[in-house]
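Heads up, the chain below is alone and in the form predicted on its own; it's given as structure tokens.
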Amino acid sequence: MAAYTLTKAGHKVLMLEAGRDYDPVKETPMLNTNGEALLMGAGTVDKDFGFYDATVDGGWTVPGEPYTTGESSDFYWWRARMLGGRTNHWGRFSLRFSKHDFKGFSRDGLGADWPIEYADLAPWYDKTEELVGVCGTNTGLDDMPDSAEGILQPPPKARVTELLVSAAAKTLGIPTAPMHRAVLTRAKGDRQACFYASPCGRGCSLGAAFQTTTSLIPMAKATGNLRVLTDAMVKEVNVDENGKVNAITYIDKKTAKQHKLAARVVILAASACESARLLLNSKSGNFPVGLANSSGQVGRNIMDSTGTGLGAHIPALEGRPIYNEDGHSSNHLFIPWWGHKQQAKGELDFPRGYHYELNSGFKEPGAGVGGKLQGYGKALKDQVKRITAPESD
């Protein structure tokens, strides 16, 4: 995003990528079936999310790049070592922080308030959603701030199972809404609209599912102001005798040689963990404990997202006709953040509530199928369709 913004403004930008080059058009197997893949497409230590996952290089483990965790700590760090980074691997849920997120301490006495407010960022949320292409609707809910008129693209229709959960939630006074997701339902520039036939996790050569390799990077290159250098693992940020940043040092992963590049401006946009690593690595006489770390807080207080899953089999939905219910491969409806009032009343044993992401539909069979199955041939296939298709998480 920084490279796109700067090149559009006429500045020359060199972008260093720690991973390899990646062509989303030639390397994205959008329409291959699991039957064409090794192990029926199942995940392995090299391809955690399946054979066709868009992270063609990287994952929970990266050869040659181990990391350690603290005592009694399990931290799973997904690293996408490829052009486009984590934008090749994400759910594309695009929800705004609300006024409550910025002022949590004022609301419930926990954590700390941000030094800015929601209103300060609202115009920039609008700009980003319009550029990226986000589908959804305005709801008027406190915890789901509205976008400016005309920013959001139309959401896809809700699935039958989502409507069922939505109706049940309504009886309890719990709102549901279309998920705001960075997937195009209308064409945008060179990017085509989603045609609901391939899992977003495989990557999207159409550019419908947002990833920087089909949007921001080619758009920045089109200005003539961007040069991309891949397989360049940055080692540290260098400073002059006055403590002012003036260069970066990186390792060419193909040759293992070290290089130093002078720079007037350096922007670290390497994810929370990688950016912290670079700052801590950048020690000097001016910064003995790492660059910008006079507080000693760099690399601390990093918050991971947490969640859990619940699956259910709904007999009332058995026997439906089989049809394409893929949609944009994740939930079309969800239950937005709620539970603040319950927490304030002491009805919850944890702060600030939760939200629900619903997932269901007729799926392509994978390497394993749950349920008690008997027989073989057509009878077995009919059982699989009946038992596994109408699933709701």
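Predicted model only: the values in this text are computed from it and were never measured. Sequential numbering from 1, following the sequence displayed.
Not on display, but discussed next: the form predicted in complex with a small molecule.
Asker: Which one of these stretches, 225-233, 318-326, 190-198, 289-297, sits within 4.5 Å of the small molecule in the predicted complex when only heavy atoms are counted?
Answerer: Contact-bearing stretch, as computed: 225-233.
Asker: Give a yes/no on whether residue 87 approaches the small molecule to within 4.5 Å in the predicted complex, heavy atoms considered.
Answerer: So residue 87 counts as contacting the small molecule.
Asker: Given that the partner is absent here, does residue 263 sit within 4.5 Å of the small molecule in the predicted complex, heavy atoms only?
Answerer: Residue 263 lies outside the contact set for the small molecule.
Asker: Quick check on residue 49: any heavy atom within 4.5 Å of the small molecule in the predicted complex?
Answerer: Result yes; residue 49 sits at the interface with the small molecule in the predicted complex.
Asker: Would residue 271 sit within 4.5 Å of the small molecule in the predicted complex, counting heavy atoms only?
Answerer: Result yes; residue 271 sits at the interface with the small molecule in the predicted complex.
Asker: Which listed residue (82, 135, 220, 237) meets the criterion of a heavy atom within 4.5 Å of the small molecule in the predicted complex?
Answerer: In short, 82.
Asker: Heavy atom within 4.5 Å of the small molecule in the predicted complex: which of 151, 278, 245, 174?
Answerer: Checking each option against the small molecule in the predicted complex, the one that comes within 4.5 Å is 278.
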